[in-house]
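A single chain, nothing else alongside it, follows as structure tokens in the form predicted alone.
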Amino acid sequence: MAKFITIMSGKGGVGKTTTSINLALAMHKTGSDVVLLEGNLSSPNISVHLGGTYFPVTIHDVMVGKHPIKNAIYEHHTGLRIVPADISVEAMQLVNFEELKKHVHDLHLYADYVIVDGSPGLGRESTHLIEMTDELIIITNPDPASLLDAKRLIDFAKRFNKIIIGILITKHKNKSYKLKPEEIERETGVRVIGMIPECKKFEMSLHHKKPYIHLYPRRKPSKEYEKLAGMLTGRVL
């Protein structure tokens, strides 16, 4: 049985999709069977980050019953398998979360872990994604506004009795005006499981449409993603 881990954030722009992609690839590199699922169906970004904007079959086609989910699994050149979404505006009319819940569990046949790139905020999508996942990782930046939104998301997720693995701090800087991990833990009651340093190379990664850890495997952010992947899988790269 695959474990579903959904990556969520209280707001957009904090590094949620970047984390979903790089963490999933790091877990794949440990030898685990991993599928990265696009869960942000109203505003999908995984395919854009990875250099593909058209796929013959997407998770939207699965939701409307045109194809089984196995037909929507694609292998990226890095070896990471992804289930992309249709990025067209028209596809937003096809979103049916009840059908999604029925079909995504077929991924149990194809993976040990399903990493879901969730929707930001507390909207309807987030509610359904929390309901269908096993565990959550919350992404925040070390600033008061991001933390407030993350805290609201955590309080909301706790109503569903889901396991929150922890908080991952992205765009981390060792600056006096940035929140410290212990402050974030004290405010949220959730442990910090990692810190991804801010790095301008993330912009280059997006420009080249390739995962950061693929382009810059020796840099500190890559090592931090690998460390978290090892913690989640019990395997060390």
Ligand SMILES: Nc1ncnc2c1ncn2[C@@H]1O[C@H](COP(=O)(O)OP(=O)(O)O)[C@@H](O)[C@H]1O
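Everything quoted here is computed from the prediction, not taken from an experiment. Don't overthink the numbering: it's just position in the shown sequence, from 1.
Heads up, the form predicted together with this ligand isn't pictured, but that's what we're talking about next.
Would residue 14 count as a contact of this ligand in the predicted bound form, using a 4.5 angstroms cut-off between non-hydrogen atoms? Yes, residue 14 sits close enough to this ligand in the predicted bound form that at least one of its heavy atoms falls within 4.5 Å.
Even though this ligand is not shown here, does residue 192 get within 4.5 Å of it in the predicted bound form, heavy atoms only? Judged by the heavy-atom cut-off of 4.5 Å, residue 192 is well away from this ligand in the predicted bound form.
Can you check whether residue 198 is within 4.5 Å of this ligand in the predicted bound form, heavy atom basis? Yes, residue 198 sits close enough to this ligand in the predicted bound form that at least one of its heavy atoms falls within 4.5 Å.
Considering non-hydrogen atoms and a 4.5 Å limit, does this ligand approach residue 202 in the predicted bound form? Result yes; residue 202 sits at the interface with this ligand in the predicted bound form.
Could you tell me which stretch in 65-73, 176-184, 26-34, 202-210 has residues with non-hydrogen atoms within 4.5 Å of this ligand in the predicted bound form? Correct option: 202-210.
Report whether all of 18, 49 and 171 sit within 4.5 Å of this ligand in the predicted bound form, measuring from non-hydrogen atoms. Yes, all three are in contact.
For the stretch 52-77, return the residues whose heavy atoms include at least one within 4.5 Å of this ligand in the predicted bound form, in the order they occur. The stretch 52-77, when checked against this ligand in the predicted bound form, contributes no residue at the 4.5 Å heavy-atom cut-off.
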